[in-house]
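Just the one chain here, laid out as structure tokens, in the form predicted on its own.
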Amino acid sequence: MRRVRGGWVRGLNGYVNRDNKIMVNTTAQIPITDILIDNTIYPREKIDPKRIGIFAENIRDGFRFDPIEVQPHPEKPGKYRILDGVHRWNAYKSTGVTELEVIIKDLDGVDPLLYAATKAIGPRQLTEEETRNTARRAYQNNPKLTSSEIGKAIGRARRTVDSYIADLRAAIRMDLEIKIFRMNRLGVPQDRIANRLGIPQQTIADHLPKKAVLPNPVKADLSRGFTVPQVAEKHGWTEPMVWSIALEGKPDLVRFKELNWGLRTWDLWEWNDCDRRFGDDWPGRIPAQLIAHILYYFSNQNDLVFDPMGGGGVTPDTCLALGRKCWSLDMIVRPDIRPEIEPYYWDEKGNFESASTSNPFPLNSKEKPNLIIFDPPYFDKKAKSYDKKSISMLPKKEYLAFFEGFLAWLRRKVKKTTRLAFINANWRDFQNTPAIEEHPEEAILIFEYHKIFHKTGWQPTHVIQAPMSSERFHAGVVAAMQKKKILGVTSRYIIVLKTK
């Protein structure tokens, strides 16, 4: 480590003091190789070689420039990105300088692109095109910025900035309208929509009257014979949203037919693959067809479905297509692509923690779900693909304890007629282990969940087999398993329960 001014030393994540805090708003001498240009915050279109040459000549003549300004690079620990002084930095490099005096800045929430633009107003101001592009990039990065804030940074009047970003603002407003429309269609109350989208509740009230006319262009294109994917692409809607309009007012059987889902009449539901139109690419993704069958047999149109572990959004997408309301939660926060999945985290005892303390918990409201679809992460399986807080990471004892706590809590929150569809599978550590040598104490079979149901006040009414496709095993893998007498697992069950 190298000592620099003020008692600061070089650490793994940058220049730190004796309390291991990154140095900010302080002058330091650092290697020039630790300083980078980040084009995402550089307001100019190109670097001027002539200007670099002039600066280099001044450096050789002994001229002393002001220190360049940098900030710790957010994606490259130990590196810094330039806020002001790109031409000076290049000039120093061309003259063989190995260390530079810099000022490490803490912008305290100020947009680094706009800060860099402010510093660029000087002898060589930004061109009109650079100013326009900077305004647009800043607004795309943070739509909450006002025209005045952007204008102050780039040296332009508010009305000028308005003209720069008018189309972007219109697109984002439409995007907001679609988000509000989507969440409202799924039955999310106005206060939770406002909290989720970070806007005043009055804004929600102002947008909702548009709900009746917003789908009109979509309906018009569908009536002209355009397909659902074509309409979705044209209007920037998801396919499930367009299906919710295309199938509006139709009975469930007609919806199944138009979605090309054959209805399973018996208690064996099997599909070779997931319907890629519904839900995101997600660890442990389940077929939308499976969710659709649960909705068909155990709920009615306009019923409220509760989805406590929303994952990739298969359940809310399928609810849109089948005309159900849906409140969906998950620990992963994705407001831009999944606004309807509200951020909550379940701890290992089955208690919830909100990502926003001001957000009321859904089941504390007067409205209670008609159906709960509970598709938790399976024990150990795909654990590395989930968040580190996922229950899939828990040891077996704690994993089962979670379900006991969660199901007991859930039992107290629902109404007497609520049904619970629990989706899970047998788990055995069969990898490289002949069937006769497996250790039963390391397995979790479906029988163990039945004990928890009985203990927490839930009574099973249906057990439906919904096996995973065996096509996930390649022929070579299957041959090796057969040779070693390994018995694989494709079992998966939907256990439907009611309160005792």
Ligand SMILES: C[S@@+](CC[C@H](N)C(=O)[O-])C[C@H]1O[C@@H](n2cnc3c(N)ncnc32)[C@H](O)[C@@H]1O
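Start at 1 and count along the sequence shown; that's the residue number. All values reported here derive from a predicted model rather than from experimental measurement.
Keep in mind that the form predicted in complex with the ligand is missing from the display, and what follows is about it.
Partner contact for residue 345 in the predicted complex: the ligand, 4.5 angstroms, heavy atom: Flag for residue 345 set to yes.
Partner proximity in the predicted complex: residue 77 to the ligand, non-hydrogen atom cutoff 4.5 Å: Taking the distances in the predicted complex, the answer for residue 77 is no, it never comes within 4.5 Å of the ligand.
Distance check, residue 299 to the ligand in the predicted complex, heavy atom within 4.5 Å: Residue 299 lies outside the contact set for the ligand.
Residue 390 within 4.5 Å of the ligand in the predicted complex, heavy atoms: Residue-level check for residue 390: yes, a contact with the ligand.
All of 42, 69 and 112 with a heavy atom within 4.5 Å of the ligand in the predicted complex: No.
One stretch from 232 to 240, 178 to 186, 196 to 204, 323 to 331 that, in the predicted complex, holds residues within 4.5 Å of the ligand by heavy atom: Result of the contact check: 323 to 331.
Listed residue that, although the ligand is not shown, lies within 4.5 Å of it in the predicted complex (heavy atoms), from 377, 151, 85, 339: It is 377 that has a heavy atom within 4.5 Å of the partner.
Position in contact with the ligand when the complex is considered in the predicted complex, options 218, 286, 294, 145, heavy atoms within 4.5 Å: Contact check passes for 286.
Stretch 302 to 318 - residues with a heavy atom within 4.5 Å of the ligand in the predicted complex: If the 4.5 Å heavy-atom criterion is applied to the ligand in the predicted complex, 302 to 318 yields 309, 310, 311, 312, 313, 314.
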